[in-house]
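Only one chain is shown below, in structure tokens, and it's the form predicted alone.
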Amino acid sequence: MSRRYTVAIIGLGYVGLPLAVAAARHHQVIGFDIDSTRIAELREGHDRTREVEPSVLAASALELTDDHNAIRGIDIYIVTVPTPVDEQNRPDLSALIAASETVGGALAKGAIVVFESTVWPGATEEVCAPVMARASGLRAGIDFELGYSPERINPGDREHRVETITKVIAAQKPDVAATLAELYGSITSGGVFIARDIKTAEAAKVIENAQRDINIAFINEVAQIFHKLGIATHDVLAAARTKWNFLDFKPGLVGGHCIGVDPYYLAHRAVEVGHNPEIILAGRRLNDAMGGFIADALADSLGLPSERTILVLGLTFKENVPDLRNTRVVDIVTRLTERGYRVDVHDPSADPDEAARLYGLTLLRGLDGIGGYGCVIGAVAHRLYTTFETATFRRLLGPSGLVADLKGIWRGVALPPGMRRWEL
């Protein structure tokens, strides 16, 4: 590496914080977030996302700030703010536009601005660049430069980290791309791939997650078919995966801030250019409806709501992470409640205050001293739940109770006599 850069990471969530800590090992890095509470927590060594260990955070040279003035005159800005969808599944670029205004207010001539947030192809140059130009009075491509490097953070994944994965990068000019290759190449051992242009890199990001979404939708649809045929999908998959080129996707709920969101960005752009994105939206419809299908199938097996209380195990969108954003477990809870069942929810990873604020749910504090449920639903494969044994179900369930194993985590556990098993 020939140069040590000054870098500002804008947004310190699941994506920004690990990147900032990794970059700070090689460069002078300022981590900026508008959430002063988040900055205070990080200064105390606490990362609520659990992506960075307290010891690693404490040892980092990363500078943390919520002061806009602290990010003036930086060499390279990297924007890592969330890009969700609204209630109608339309792209919500409000955080991205606000971040662009913040960066624009801090820009000096010669700076490079890189976006990692997921967007539709063209958004960096057509949406973000004009916002920064207006805020700064500078010209994109002349006074400051643009780049794009799609984030590939997989929450809770300790193997595929920003320090080990291949980073795709793109810029409007070859020399800027070379600078970004030098920067990211110093951070990751996985190397860099220089995409043809920014639109290409943006498109690569959205199809990575759209592809997974469509594959899971196929498995979810066949799971619904197999349910009607009385066939266990996990048994089918166990046989099918013996073929060398079978794609081993599993049925279930598709939530979170990537797979359940990114396809809508591609679909939005497709409609703008006059194309009806049939497969992409069909996959989304199937996956978004999966929680309702599961709840209705379980209700049909359970009988009268007045005689059954249900325990849902897991609320976060993924195992062993605290992230509750766009979790589809809520769909199961909501549908069962609408059908008259009393539903309790437990999750060892979720923040109870956040569960109450986002979904109006009161989480059980623990599993000790409870029991007699008519149904236990294993919705998220948290580490705690994978340790369940026969005696656990004997304690939690009443006679003839139903064990609904959505993730296949208890397939090897013998249930007490009289209890029933339900699988996707």
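As the structure is a prediction and not an experimental result, all values here were calculated from the model. Sequential numbering from 1, following the sequence displayed.
The following text describes the form predicted in complex with a small molecule, which does not appear among the structures shown.
For the candidate set Thr327, Thr124, Asn287, Thr118, a heavy atom within 4.5 Å of the small molecule in the predicted bound form is found for exactly one residue, namely Thr118.
Note on contacts: among Leu315, Ile332, Ala99, Leu183, the single residue with a heavy atom within 4.5 Å of the small molecule in the predicted bound form is Ala99. Against the small molecule in the predicted bound form, the set Thr80, Ala95 and His257 is in full contact: each member has a heavy atom within 4.5 Å. Stretch 81 to 89 is the contacting one of 172 to 180, 81 to 89, 289 to 297, 240 to 248, since its residues have non-hydrogen atoms within 4.5 Å of the small molecule in the predicted bound form. The small molecule in the predicted bound form comes within 4.5 Å of a heavy atom belonging to Asp262. In the predicted bound form, Ala20 stays away from the small molecule, with no heavy atom inside 4.5 Å. The small molecule in the predicted bound form is approached by Glu151, whose closest heavy atom lies within 4.5 angstroms of it. In the predicted bound form, none of the heavy atoms of Pro322 sits within 4.5 Å of a heavy atom of the small molecule.
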